[in-house]
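The data below hold one chain only, encoded as structure tokens and taken in the form predicted alone.
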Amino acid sequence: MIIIGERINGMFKDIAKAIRDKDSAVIQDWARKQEQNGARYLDINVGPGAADPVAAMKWLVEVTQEVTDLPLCLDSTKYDAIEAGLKICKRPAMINSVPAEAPKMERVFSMAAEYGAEVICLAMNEEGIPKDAESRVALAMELVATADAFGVPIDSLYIDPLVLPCNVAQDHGPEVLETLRQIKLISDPPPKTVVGLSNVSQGTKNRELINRTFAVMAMANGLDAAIADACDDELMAAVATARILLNMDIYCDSYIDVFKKG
């Protein structure tokens, strides 16, 4: 499973302050730490407090790329900000994200085709997040078909079935796992899958334990990537171990270190 480091996000107080103060050292420290601990993409999100999201995204991309060559996952509901970031990314980026809503799919898939970007596709539409796996998969199929119409390769798509906090939507968990299984059957090749891992534990106690447990369960059901805390050593160890047990990597005594080094 690919880990997309979640920490450069304006929702975190230190990142929000760094964006306001143009303090590149804070951003670059988190970029280095996440890469060193095994992240293979870095999520870049200016957060809701940025006065100028476009300028903030450009600055975040620039200062992050000064210290890492990892591809970036540009995360915003402001598509002008995402496009500003795409224009200056040194490597093809990932767009986070697009729901199954026609105007948004047109904008995002057009950008993805132009810039060669991957796309996180949300299994939701104007009516919100469906409860059952069947409805989530139907939305995934709509997203895949629309992306194909815009010339975006299917293997550039990451379907997010949208896991909700287990303390308020506990019955959604099994539906998400079933969605992960079914998405692998909707096309050949199938799209990839991704979750925002920290969402499953939002507002709960034992957040780290819940995140690690769900990550391993989701991997066993076909999960390809997660936006997650790459600096959680026990999470990274659990993911590395699951890869061994699922026969994704060859066992060696130092397999955790090997996973972190990519």
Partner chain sequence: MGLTGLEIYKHLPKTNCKECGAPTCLAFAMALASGKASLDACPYVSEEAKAALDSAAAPPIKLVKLGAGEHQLELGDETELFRHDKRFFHPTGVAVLISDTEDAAAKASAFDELEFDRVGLHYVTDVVAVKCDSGDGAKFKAAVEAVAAKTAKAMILLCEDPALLEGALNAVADRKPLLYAATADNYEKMVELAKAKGCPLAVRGKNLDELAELVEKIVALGYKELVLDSGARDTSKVLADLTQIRRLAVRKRFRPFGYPTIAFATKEDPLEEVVQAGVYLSKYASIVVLKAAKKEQLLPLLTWRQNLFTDPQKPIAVEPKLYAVGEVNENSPVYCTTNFSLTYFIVEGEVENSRIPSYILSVDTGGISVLTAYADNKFTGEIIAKAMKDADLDSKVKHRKIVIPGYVAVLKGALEEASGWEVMVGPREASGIPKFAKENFA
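Residue numbers count along the first chain shown, from 1. Just so it is clear, the structure is predicted and the values come from calculations on it, not from any experiment.
Below, we refer to the form predicted in complex with the partner chain, which is not included among the displayed structures.
Though the partner chain is absent from this view, in the predicted complex it lies within 4.5 Å of a heavy atom of just one residue from 154, 164, 89, 113, which is 154. Among the residues 137, 122, 119, 105, the one placing a heavy atom within 4.5 Å of the partner chain in the predicted complex is 137. In summary, the region of this chain contacting the partner chain in the predicted complex, judged by heavy atoms within 4.5 Å and restricted to 89-97, 123-131, 139-147, 75-83, corresponds to 139-147. None of the heavy atoms of residue 174 is located within 4.5 Å of the partner chain in the predicted complex. With a 4.5 Å cutoff on heavy atoms, residue 185 counts as touching the partner chain in the predicted complex. Taking the partner from the other structure, the partner chain in the predicted complex has no heavy atom within 4.5 Å of any heavy atom of residue 101.
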